[in-house]
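In structure tokens, the next block holds one chain alone, the form predicted alone.
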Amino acid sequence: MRKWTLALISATMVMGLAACGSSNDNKDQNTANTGNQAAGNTAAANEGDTANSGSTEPVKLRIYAQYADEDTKGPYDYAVAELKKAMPNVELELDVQAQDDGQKLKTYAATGNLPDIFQAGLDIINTFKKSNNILELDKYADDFKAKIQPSAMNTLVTDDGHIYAYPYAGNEVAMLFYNKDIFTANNVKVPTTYEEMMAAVTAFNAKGITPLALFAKEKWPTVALYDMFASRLEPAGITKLDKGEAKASDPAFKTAAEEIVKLVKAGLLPKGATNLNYDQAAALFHEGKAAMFLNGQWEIDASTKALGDKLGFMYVPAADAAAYESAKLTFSGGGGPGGYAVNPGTKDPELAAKVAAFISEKYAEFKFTQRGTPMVATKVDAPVINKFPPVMEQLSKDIPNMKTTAFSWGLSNPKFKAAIEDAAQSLMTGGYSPDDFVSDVDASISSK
């Protein structure tokens, strides 16, 4: 029975989206048949752009938003409370977002039931662009653009140069954490160059200390480590390989593989690193048995609880001091376009766009001031209620000027993604040469 239901829903979605996609040719009929105010109705909607946006008449807007746990309820409730103060005539009717990879929202679009405002990731943006179910926000976004972090512009503007959603989440990054006490107690300099990194590896091994804990059983941390080294010479890092704009045989990418192999052979990682999971690698670092640890910035909370003031993070070493200085604010990781989007068929697009931008801005404000995370898309002027941990405080100062590359899950070429994940993990074994790395990765790029 469930299969039949799913099949019916899928068929409805396909037919509906196909109808939406052809709406430019048959606009009136499509609208009448489906009741979909979105598809092909941009022109009609624009007629009402300013019809109600300046009015104080009560307006109800339906919004499709995450509201599943404290991490999503807190910022949403805060944003709605702030909206009541700023726009008391606007009432939001919440439609709780399903945890279904966008299937319910796609069904809404196909059946003409799309909410006025909805949360959209890049997948939804790209799908709805084709079916005219998402409003291009360029002409409404000047105020929001002025508030966004310069380093987070990639979360606002899509590859076609247009804006389709107002983001609240900023870029996330991979980081090299270290235990300050271990470095000090063993008289080891926090490395800024490859030479100093090798010296640290040698010194820690001599003391029986693991230099770097890496949960290389998962492939993304191995890609991140490779990308960290590659981005010292090529700011775009692996994204340039992903887009086919460079080859792994180019000096920046081959050098990164060579430096990692040297360090691994010198004892950078614990034995059997490619069999270590997060819990095992984190335990080495949290218990003071490893000097360094690689993870995303989301690790800050756990490592701060384990190490307190001993926790620090270092910028990734480079070939020399000049390269280190020029590349230190380039972080492996990043983000993509997404946030609150608007149905082009809503009665007052200008008002809906204004509300969507407001909700996104306040959502970020709550996460910044009350959740202690500076990883938000927009600048926040409100005072911080829950103070950042020291490492987060340091990172927050870098955010306005940081550049990002990509996490492996953000890569667009699936063949390259699979190849770089396998090759980067193999680099951590010490039995895989830089030439093998270059050959295997380049094969995936040429096949794009």
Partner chain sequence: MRKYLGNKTAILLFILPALLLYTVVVFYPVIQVFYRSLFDWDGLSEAKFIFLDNYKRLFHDHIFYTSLYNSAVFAVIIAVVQITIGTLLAFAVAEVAMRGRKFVRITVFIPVVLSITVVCQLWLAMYNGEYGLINKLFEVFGLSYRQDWLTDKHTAIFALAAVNAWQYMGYHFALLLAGVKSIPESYMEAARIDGASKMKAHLRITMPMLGETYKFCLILAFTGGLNAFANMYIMTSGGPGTTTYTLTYMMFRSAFRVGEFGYGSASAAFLVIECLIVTLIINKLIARDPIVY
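Positions refer to the first chain, counted from 1. The structure presented is a predicted model; accordingly, all values stated were derived computationally and were not measured. Here, rigid core means the biggest group of C-alpha atoms that superpose within 1.5 Å across both forms.
The following text describes the form predicted together with its partner chain, which does not appear among the structures shown.
Undergrad: Its partner chain is absent from this chain, but in the model of the complex, do 254, 259 and 397 each have a non-hydrogen atom within 4.5 Å of it?
TA: No, none of the three is in contact.
Undergrad: Among 172-180, 75-83, 198-206, 95-103, which stretch has residues whose heavy atoms lie within 4.5 Å of its partner chain in the model of the complex?
TA: In the other structure, the partner sits against 95-103.
Undergrad: Could you check which residue among 119, 295, 154, 131 gets a heavy atom within 4.5 Å of its partner chain in the model of the complex?
TA: Contact residue from the list: 131.
Undergrad: Which residue, 326, 369, 89, 127, is the contact with its partner chain in the model of the complex, using a 4.5 Å heavy atom cutoff?
TA: By the 4.5 Å heavy-atom cutoff, the listed residue in contact is 127.
Undergrad: Please run the contact check for residue 274 against its partner chain in the model of the complex: heavy atoms, 4.5 angstroms, yes or no?
TA: Residue 274 belongs to the contact set for its partner chain.
Undergrad: Residue 403 versus its partner chain, in the model of the complex: is there a non-hydrogen atom within 4.5 Å?
TA: Looking in the model of the complex, residue contacts with its partner chain do not include residue 403, since no heavy atom lies within 4.5 Å.
Undergrad: Going by a heavy atom distance of 4.5 Å, is residue 422 a contact of its partner chain in the model of the complex?
TA: Residue 422 belongs to the contact set for its partner chain.
Undergrad: Residue 58 near its partner chain in the model of the complex, any heavy atom under 4.5 Å?
TA: Close contact is absent here: in the model of the complex, residue 58 is far from its partner chain, nothing within 4.5 Å, heavy atoms only.
Undergrad: Taking its partner chain in the model of the complex, which residues along 411-430 bring a heavy atom to within 4.5 Å of it?
TA: The stretch 411-430, when checked against its partner chain in the model of the complex, contributes 414, 415, 418, 419, 421, 422, 425, 426, 429 at the 4.5 Å heavy-atom cut-off.
Undergrad: Would the C-alpha of residue 108 be classed as shifted by 2 Å or more between this form and the one not shown after rigid-core alignment?
TA: It does shift by 2 Å or more.
Undergrad: Taking 2 Å as the cut-off, check whether the CA of residue 174 shifts that much or more between this form and the one not shown after a rigid core fit.
TA: The answer is no, as the C-alpha of residue 174 shifts between this form and the one not shown by less than 2 Å after core alignment.
Undergrad: Just say closer or farther for the C-alpha distance from residue 118 to residue 400 in the model of the complex, relative to the shown form; it changes by 3 Å or more.
TA: The answer is farther, because the C-alphas of residue 118 and residue 400 separate from each other in the model of the complex by 3 Å or more.
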